[in-house]
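One chain follows as structure tokens, the form predicted on its own.
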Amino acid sequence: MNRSKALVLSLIVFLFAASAEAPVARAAAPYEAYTYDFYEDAVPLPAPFLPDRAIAGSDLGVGEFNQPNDIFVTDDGMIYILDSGNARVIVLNSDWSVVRVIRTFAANNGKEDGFANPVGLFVSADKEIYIADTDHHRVVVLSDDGKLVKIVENPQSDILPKDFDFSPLKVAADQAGRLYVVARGVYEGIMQFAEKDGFMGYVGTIKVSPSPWDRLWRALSTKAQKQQMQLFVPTEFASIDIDSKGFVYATTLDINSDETIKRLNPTGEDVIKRFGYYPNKGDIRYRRLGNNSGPSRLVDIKVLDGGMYVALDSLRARLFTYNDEGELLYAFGGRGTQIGVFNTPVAVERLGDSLAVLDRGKNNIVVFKPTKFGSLVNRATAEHFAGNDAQAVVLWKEVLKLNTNYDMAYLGIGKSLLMEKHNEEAMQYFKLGMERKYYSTAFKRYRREVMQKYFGPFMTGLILLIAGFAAFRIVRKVQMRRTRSHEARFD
């Protein structure tokens, strides 16, 4: 009897374990993943990415990295690492096998030349390698096999001071051959160079907005005090990237601004969308005092597929992924010694569906693979961005099976239903996602839809009712007139 009970109990336990859904890979993550809800509270999420491997220079057979500062991955999976301390560019194929190491190149005068503390790296679609050779005050452009193409240095313009010190930090180039440079000590914006005409000017100039307190204090100050006051100087840009349409994504280090992420069109105007509950600037809740206090410092940005982009916060070592409307999809990361958390992260790159983060403090690269949750969120966002709303709804509903408290899923379903003109159903999801603006839009459309559906029959019925009533009154009057005439005849 006891043996039978034990067997039945074991069977029940087995069936329960087999029927339970596999837990989302959250316990394996050495960090917390989260987003912010309507009330600006951090809401825990299943980990969207998990660390897959950490790669050091010794793993590649090229010796240890020394203060690496940048990484770039091309569309065909070629990986370029800027190992600044060793003044070299390491080129890898998609299998992480070393293709070549570029330490020197033949200058125009035939002499061997090299790099001095290079900080930024970019590779164009035709595989030209752009290196911000900072301490040599130039941008070096090499062919894919390491031969010199050109050097951009010592820009000349009437708008530049005579003692201008050109120290490039980050570089990017668009398909038209225009070169964009973030330079040290340049507050006017991102320097733009034409392929042949040299320095063209600045794009993305940052506007300075003194606070009301600064204005009041300045108004009450004496002339001598005003001369001693610090000038309101714009903040430098920190990083740049370019999407397939030629729009420049950039981050700034202005901790007092809500616009630290920008998307610049060809005229330099910031056209990034900021439609989320809160500004797309990394963390919105943080400590005011102590270690790791203050707003996020976004030191790098990478454009992903489907209108998404990911920004890297060096202050708290976290990654923030936004959709094309500036809504935070998820954030994750942190500091530590385990694989997957960072010491001094300086660059983030896309590696297919994965992410690669370059950690200058640990001298390694960590590759993150998407989890089921992260993959579903990315795919649903991309499908909606591509206009495939029916497929997006299916994917968002799969996301809700993993996390029913994820507002972005309700919002994503609502948007897709709105695009498909299912306004009444969209209203329900916008209400669940606490999205007032889109709820109002859906409500207006639904009200118009109801009016169009019922206004015609209602007016037809009303007109018929009025006509019937009028006819009744006329017939009644005629009958009454005949009755009175008949009675008068007998009198």
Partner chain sequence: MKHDLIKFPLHIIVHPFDGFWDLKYEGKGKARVALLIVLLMVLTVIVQKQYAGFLVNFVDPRALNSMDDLVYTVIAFLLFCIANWSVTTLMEGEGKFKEIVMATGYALLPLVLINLPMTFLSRIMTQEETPFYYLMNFLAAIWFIFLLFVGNMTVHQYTAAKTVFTLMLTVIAMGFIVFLWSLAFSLGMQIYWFIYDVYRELVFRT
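Residue numbers count along the first chain shown, from 1. None of these values were measured; they are calculated from a predicted model. Note that the rigid core is defined as the largest set of C-alphas that superpose within 1.5 Å between two forms.
What comes next is about the form predicted together with the partner chain, which is not displayed.
Although the partner is absent here, Ser440 lies within 4.5 Å of the partner chain in the model of the complex, judged by heavy atoms. Looking at Lys431, you'd find a heavy atom of it within 4.5 angstroms of the partner chain in the model of the complex. Among heavy atoms of Glu32, none comes within 4.5 Å of the partner chain in the model of the complex. In the model of the complex, at least one heavy atom of Asp41 sits within 4.5 Å of the partner chain. Only one segment in the set 457-465, 63-71, 45-53, 32-40 has residues whose heavy atoms sit within 4.5 Å of the partner chain in the model of the complex; it is 32-40. Shown in the overlay between the shown form and the other one, fitted on the rigid core, is a CA shift at Ala33 smaller than 2 Å.
Positional change of Gln67 between the shown form and the other one stays under 2 Å at the C-alpha, relative to the superposed core.
Once the cores line up, the CA of Met434 ends up less than 2 angstroms apart between the shown form and the other one.
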